[in-house]
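What follows is a single chain, given as structure tokens, in the form predicted on its own.
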């Protein structure tokens, strides 16, 4: 699945990187939107969560520094996402 996600991103899938949820309420609202997606809607999850296949922003944020990233599994442990990820990817649910 990681390869499939990587191909979608490399092929130019347009995702919603902005607005970045700055407050707990905005973060929770985004989680609610993800929760309402069908569990197998991978493309929808990627678009809504704003995945990129490169570090993001001037601070070059990436999955590897996110609190939900499981290093040894290369996995996003956020239940609403629960997808395999690469260390250099990023999404707007990134948290430290």
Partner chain sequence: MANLLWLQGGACSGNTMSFLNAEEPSACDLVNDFGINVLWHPSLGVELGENLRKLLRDLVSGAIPLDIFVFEGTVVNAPGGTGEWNRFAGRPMKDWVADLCKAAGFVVAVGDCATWGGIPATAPNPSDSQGLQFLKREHGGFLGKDFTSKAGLPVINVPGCPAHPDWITQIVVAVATGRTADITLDEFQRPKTFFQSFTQTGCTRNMHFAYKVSATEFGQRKGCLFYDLGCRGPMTHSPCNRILWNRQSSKTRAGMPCLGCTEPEFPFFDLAPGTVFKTQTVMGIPKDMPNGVDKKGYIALTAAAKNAAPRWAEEDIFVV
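Here the structure is a predicted model, which is why all the values come from computation and not from measurement. Positions refer to the first chain, counted from 1.
Keep in mind the form predicted together with its partner chain is missing from the figure; the text below concerns it.
Taking 20, 65 and 71 together, does each of them reach its partner chain in the model of the complex with some heavy atom inside 4.5 Å?
Yes.
Partner contact for residue 4 in the model of the complex: its partner chain, 4.5 angstroms, heavy atom
No - in the model of the complex, heavy atoms of residue 4 and its partner chain never come within 4.5 Å of each other.
Contact of residue 77 with its partner chain in the model of the complex (heavy atom, 4.5 Å):
Contact with its partner chain, yes.
Residue 24 near its partner chain in the model of the complex, any heavy atom under 4.5 Å?
Yes - in the model of the complex, heavy atoms of residue 24 and its partner chain come within 4.5 Å of each other.
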